[in-house]
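Shown here is one chain on its own, the form predicted on its own, set out as structure tokens.
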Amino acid sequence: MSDAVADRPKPIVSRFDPRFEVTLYRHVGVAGSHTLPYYREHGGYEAAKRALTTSPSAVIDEVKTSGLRGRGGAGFPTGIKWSFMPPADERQRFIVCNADESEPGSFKDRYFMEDDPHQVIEGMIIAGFAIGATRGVLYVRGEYYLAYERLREAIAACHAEGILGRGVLGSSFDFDIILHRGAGAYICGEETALMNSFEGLRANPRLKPPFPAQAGVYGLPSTINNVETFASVVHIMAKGGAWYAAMGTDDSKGTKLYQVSGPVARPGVYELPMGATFRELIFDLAGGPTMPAKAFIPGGSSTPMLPWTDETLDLPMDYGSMAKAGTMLGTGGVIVIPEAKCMVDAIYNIVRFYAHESCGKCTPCREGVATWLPKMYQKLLAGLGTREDLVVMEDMVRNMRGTAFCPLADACAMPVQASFKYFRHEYEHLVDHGEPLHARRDWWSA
């Protein structure tokens, strides 16, 4: 490294960054923040007005400038995704909000919809204008009933005030939102399964290509984004793409909502610039673990865990750093795993979840996730496992990776692989002694 490069000031990527201020969650938890009068009093729908006075291409360019990446887990650049829509023609277009937040460890979107629903609606209006969609679909998780009620009230209020419907906010742009409540299936978090469910079909994932931009809702051009992504767009249009891009790291711009659960002093949702460290999140904001910890899951249950070390705690929470560490940022759902918890039992709990939620469409999920893998864990935890079983399990999850219609098989396989990588000794102890290395499987009640 040259002296010139070494002397450059390092980017500030923490909550102490003078450029950072809480934006996404600024009004969450404030009394009355879900109402239209409160939202407009605090600058609501001004960003949409600004967007509607420009052009769709200008909005997309602003989002590209911001460097915003999808906050649903995959992290695909939002502006580029919007650019995939085909040239405008006479066909109806859809902008779809994936609010089916079902990933264990993830609960950030719930509070948007309960306490600040208009922020989501405003983001959808801006996105609809950008891609030429006059119809929006807001697919909300069925268990989030309060969120559904708040969204329904917010949409009704917007109709009454001319914010939705014909001539949005006095412009020539027409836009309306269809609010659809899911029926409690994790698989609907996958975009094509979500579209099938919305259409009244069985929630099975579709084969891609064609991608939603070519054949989405009812076979028509569609773009799908996450709740947090739409909320971020509001602030990008209000303050500019350059403002947003000034925060974060080279490959991960802006701020993000991180969730912390498990045995910590202050579990909850925290907004930070991307690139802040796990140590800052877990210790400085969440108050640190309330008992000794041995691992943490960085981005929701589908992401490979990391061992509890100084090196991993000091990792920046961004897409590039997570990839280098062999895991993913995902939804930013950080789950702390205590030393007292049997790791085999912890992973079995994750496997049971995916087995229950598998749609059974393809063989890797139907036979691997939903059948053989849970049985192998049951055998191990019953004290009947062998060393050969461990070899079979590793081979099984390796063959599940990248072979299914959707990422659900991968989501199940990756935590298993990570547990073998870092905690194989716990599996071997269970096999050799017939009982867990950490026998207190009821740590949460201690």
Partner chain sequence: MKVTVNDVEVDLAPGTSAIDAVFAAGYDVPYFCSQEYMSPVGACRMCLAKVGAPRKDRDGNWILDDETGERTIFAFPALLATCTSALSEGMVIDTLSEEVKHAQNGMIEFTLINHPLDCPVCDKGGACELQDRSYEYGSGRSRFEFTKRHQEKHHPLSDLITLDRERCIHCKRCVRYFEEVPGDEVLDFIDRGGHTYIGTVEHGLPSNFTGNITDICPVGALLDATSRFRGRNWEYDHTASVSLDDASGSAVVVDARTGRIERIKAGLHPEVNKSWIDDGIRFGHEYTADPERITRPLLRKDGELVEVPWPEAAAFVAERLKEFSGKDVGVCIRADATLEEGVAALALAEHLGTGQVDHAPRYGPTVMPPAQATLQELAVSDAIFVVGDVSEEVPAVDLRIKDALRGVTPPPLLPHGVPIADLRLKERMPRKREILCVAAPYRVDLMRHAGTVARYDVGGEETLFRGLIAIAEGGSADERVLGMTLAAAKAFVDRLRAAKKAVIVTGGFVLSSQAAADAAERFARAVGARQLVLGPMANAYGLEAIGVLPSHARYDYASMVAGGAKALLISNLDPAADPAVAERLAESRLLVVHDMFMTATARLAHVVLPAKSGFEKDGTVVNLEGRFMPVRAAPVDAGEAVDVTGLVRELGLAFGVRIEGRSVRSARRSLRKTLGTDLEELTGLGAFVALPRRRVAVSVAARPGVRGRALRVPTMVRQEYLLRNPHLLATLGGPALRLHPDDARTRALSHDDEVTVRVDGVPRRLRVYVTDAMPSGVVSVPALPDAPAGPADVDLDGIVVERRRLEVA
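Positions refer to the first chain, counted from 1. Note that the structure is a prediction, hence the values are computed from the model and not measured.
Another form exists, predicted together with the partner chain; not displayed. Remarks below refer to it.
Only one of K375, K324, R279, R166 lies close to the partner chain in the model of the complex, with a heavy atom inside 4.5 Å, and it is K375. A heavy atom within 4.5 Å of the partner chain in the model of the complex is found for one listed residue only; from G128, G332, G254, G368, this is G368. This chain is displayed without the partner chain, yet in the model of the complex the stretch 391 to 399 from 391 to 399, 48 to 56, 62 to 70, 416 to 424 comes within 4.5 Å of it by heavy atoms. At a distance threshold of 4.5 angstroms between non-hydrogen atoms, L201 is in contact with the partner chain in the model of the complex. In the model of the complex, at least one heavy atom of C359 sits within 4.5 Å of the partner chain. In the model of the complex, the partner chain lies within 4.5 Å of some heavy atom of T403. P364 belongs to the set of residues with a heavy atom inside 4.5 Å of the partner chain in the model of the complex.
In the model of the complex, the partner chain lies within 4.5 angstroms of a heavy atom of only one residue of 207 to 244, namely L207.
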